[in-house]
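Shown next as structure tokens: one chain only, the form predicted alone.
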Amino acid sequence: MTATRPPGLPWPARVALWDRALGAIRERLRAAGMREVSTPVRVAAVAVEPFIEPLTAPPGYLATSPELAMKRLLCRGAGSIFQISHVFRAAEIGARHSEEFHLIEWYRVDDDLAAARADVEALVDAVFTAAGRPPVARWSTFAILEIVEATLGLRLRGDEEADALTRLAAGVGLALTGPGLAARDPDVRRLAAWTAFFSEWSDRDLDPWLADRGGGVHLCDFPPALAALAELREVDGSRLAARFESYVDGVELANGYQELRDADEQAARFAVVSGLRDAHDLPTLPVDGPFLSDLRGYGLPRCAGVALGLDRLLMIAAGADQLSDISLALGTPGR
């Protein structure tokens, strides 16, 4: 006889949880001096990323993130802002994935990643409190390449080219594969290699390390190839991405950047990502020209930004196993 899975939180409890959590989040971010905004869900272009696929909504797409729209507001002098937005990503379906979910996204003008990480901790604690749970007992911050060395015994600089990284990875039992590794452009090959490395390493080594550690963890100082929309900075003589990812009880919740402000560099990174997508025969995505124009024209103020998955945070805070346990969706596709 097949066991029947429990149905998740009762509906009244779900509604109460969402209400308390949304109120606590808004209270915390407003107290930090941020103003709430609401940007369009249907957009002409999304941030071009290797393996995040938008849902089409002719003549454009459903937003995968409010990031580019919020940065255009920042360019126009909005000041520190936040948003709790519905976002959409094709084929992300599973216990901890959904094609439609909620992102809390915020930007601190004239601030840095230390303040952004403190925001993550404060929001997690606020939502845990709203769910009737004590705050996370311990938060730790690690350089991601230090954890690579701790789990693999492999010391990496972060700037290794594709062939060198592939050889080093093979020496510790990680097979890096994919059509991007055969691309003619060395920048595309480098992105393909580092993307494959972190995917394989995360599944085999990082996830167990995080599960054993428990609590809250920030991983920072990413290799330059994985900078995405983050600035590069000098760390102990190396150029690394000013980027972090945050986890609670082994579950990834947030991604933060010291935001890149150079339009030419951002355009070049989008081009490399597009090259990797081409190698994988993924659909060509338009680059958001008005966003790049605003970076060049108005200019983006110095700022730190974070995107945090609200549904996952509520799932953890409620002690649930999957998003459907806390979702308010009633038969919505992708849930």
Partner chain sequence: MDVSDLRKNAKLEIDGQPYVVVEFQFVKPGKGQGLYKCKIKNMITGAVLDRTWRSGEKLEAANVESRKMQFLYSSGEAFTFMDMGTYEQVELVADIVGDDKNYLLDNLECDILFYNDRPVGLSMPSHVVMEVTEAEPGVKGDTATGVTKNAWVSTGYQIAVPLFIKVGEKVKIDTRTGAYVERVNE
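Numbering follows the first chain given and starts at 1. As the structure is a computational prediction, the values presented were derived from the model and not from experiment.
FYI, the form predicted together with its partner chain isn't displayed, but the following is about it.
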item: Single option in 35, 280, 42, 302 placed near its partner chain in the model of the complex, where near means a heavy atom within 4.5 Å; value: 280
item: In the model of the complex, the residue from 195, 129, 151, 141 that sits within 4.5 Å of its partner chain by heavy atoms; value: 195
item: Complete contact of 87, 322 and 325 with its partner chain in the model of the complex (any heavy atom, 4.5 Å); value: no
item: Which of 77 to 85, 197 to 205, 154 to 162, 112 to 120 lines the interface with its partner chain in the model of the complex (heavy atom within 4.5 Å); value: 197 to 205
item: Its partner chain contact at residue 298 in the model of the complex, heavy atom, 4.5 Å; value: no
item: Interface membership of residue 267, its partner chain in the model of the complex, 4.5 Å heavy atom rule; value: no
item: Non-hydrogen atom contact residue 52 with its partner chain in the model of the complex at 4.5 angstroms; value: yes
item: Contact test in the model of the complex: residue 166 vs its partner chain, heavy atoms, 4.5 Å; value: no
item: In the model of the complex: members of 244 to 270 within 4.5 Å of its partner chain, any heavy atom; value: 245, 252, 255, 257
